[in-house]
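Before any questions on how it binds or moves, here is one chain, the form predicted alone, in structure tokens.
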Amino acid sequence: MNTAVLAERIVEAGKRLFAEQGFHATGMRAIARAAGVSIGAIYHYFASKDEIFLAVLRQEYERRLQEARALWEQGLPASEIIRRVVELHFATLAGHKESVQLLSRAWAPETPALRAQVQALREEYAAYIAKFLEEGMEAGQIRRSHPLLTAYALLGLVEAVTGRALAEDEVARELLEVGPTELADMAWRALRPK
């Protein structure tokens, strides 16, 4: 079997299990079983469960960055990009609920070494958003503010609402229904030039 395909199967199995069970409840043997590979194959590609977890997070962040980059490259106004990025985030709830659960759990990993590595990924993601915001500020499409602070505020806002929308109750359904429009409007009111 192609080595890239095998590694991808391991990452996908890890993503599913980490989202369903959490980091600590998921073991390397469970990931191997879910991926349909031997434990030796897992260790051939990943030295530890932490490495699989980080590969899963990197894959999810990269997917989101590609979506945002594609919108920016279309030359859309900043307000439209913000609206679409928020909509994409909420659409992930429907199609990739395990990814959102995983990212929600990743905000506070319990081991210090993993926490530092997850924080480095988050910094990279926030820095890209800050770059987009800065470009929008320079073009006069977004009001002047501290780009990185604003990026974290936007990420926190969307993550808090989508994290609550993961539940299976009436409040979650309501948040899923009104969340994309309301959050995009709220973000744009804060970012639009005066």
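Please read all numbers here as calculations on a predicted model, not as lab measurements. Numbering starts at 1 and follows the sequence shown.
Note that the form predicted together with the DNA isn't included here; everything after this is about it.
From the list 60-68, 123-131, 141-149, 24-32, the contact stretch for the DNA in the predicted bound form under a 4.5 Å heavy atom rule is 24-32. Out of the listed residues Ala153, Leu166, Ala160, Ile39, Ile39 is the one that sits within 4.5 Å of the DNA in the predicted bound form by at least one heavy atom.
Shown here without the DNA, the chain has Ser38, Ile39, Gly40, Ala41, Tyr43, His44, Tyr45, Ser48, Lys49 in 36-52 lying with a heavy atom within 4.5 Å of that partner in the predicted bound form.
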